[in-house]
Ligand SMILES: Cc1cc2nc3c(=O)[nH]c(=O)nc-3n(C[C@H](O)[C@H](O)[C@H](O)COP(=O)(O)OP(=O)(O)OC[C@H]3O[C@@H](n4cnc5c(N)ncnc54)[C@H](O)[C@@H]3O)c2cc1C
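Single chain ahead, written as structure tokens, the form predicted on its own.
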């Protein structure tokens, strides 16, 4: 009997684009005909013959959906794909988000909203109360808003220029929501986005003593923890775990992450 889902780690498999959804001028979501068994927060490596590989977050698993921003050679090529085009994909890789507590605060900066859609759907199935915070420089750079609006979540939107939602940084409504929580230790912040945003969220969570799971990005080559190309230094507030490569504050995004969990 053919397996409905695929999970063979380092082996590549050919996926075929079924649908293309335009998110904004430079960002599309590709929905495949096939599914992939994965967890929210894990990532895949997409290979284009003659060009190389690039990591992408999983926005949905059944069927597989990835969100592509045209920011480079490989992503620009994939962003032009249409239904019927094929991609070579291996994965999933890394450590994903882990459900925790009764209240989940999901924070996505720009393209970082992609894995949070999958996470929101997963947490809702576990009867966890979900707040979603989406931030971008302007309204035309927001992604997946319509998909989040279909879910029974509390949605907060911020833009730097005030063209949609609250004007300012996404940490403003996040902090207000944290302050209104009845039990901070029974809640968790999940975030994905630019490194500076993650550092700010980590410091905010440290100040209030709220658990957080942060998903980090780095340039990858092997995807298996061999080359060390994706090593990153963690914020000064990072306390655990002690067995990460290099030091207590450094780890490999591909193997140890991309998600870090601090209580």
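Since this is a predicted model, take the numbers as computed values, not measurements. Numbering follows the first chain given and starts at 1.
Not pictured, yet referred to below: the form predicted together with this ligand.
Checking 184, 71, 124, 166 for any heavy atom within 4.5 Å of this ligand in the predicted complex turns up a single hit: 71. Under a 4.5 angstroms non-hydrogen atom cutoff, this ligand in the predicted complex lacks residue 39 among its neighbouring residues. Taking the partner from the other structure, this ligand in the predicted complex has no heavy atom within 4.5 Å of any heavy atom of residue 200. Contact check for residue 103: no non-hydrogen atom falls within 4.5 Å of this ligand in the predicted complex.
This ligand is not drawn, but in the predicted complex it has no heavy atom within 4.5 Å of residue 48. With this ligand omitted here, the record of contacts in the predicted complex names 106 to 114 of 106 to 114, 79 to 87, 125 to 133, 166 to 174, defined by a heavy atom within 4.5 Å. If you take 41 to 56 and check each residue for a heavy atom within 4.5 Å of this ligand in the predicted complex, you get 43, 54, 55, 56, in sequence order.
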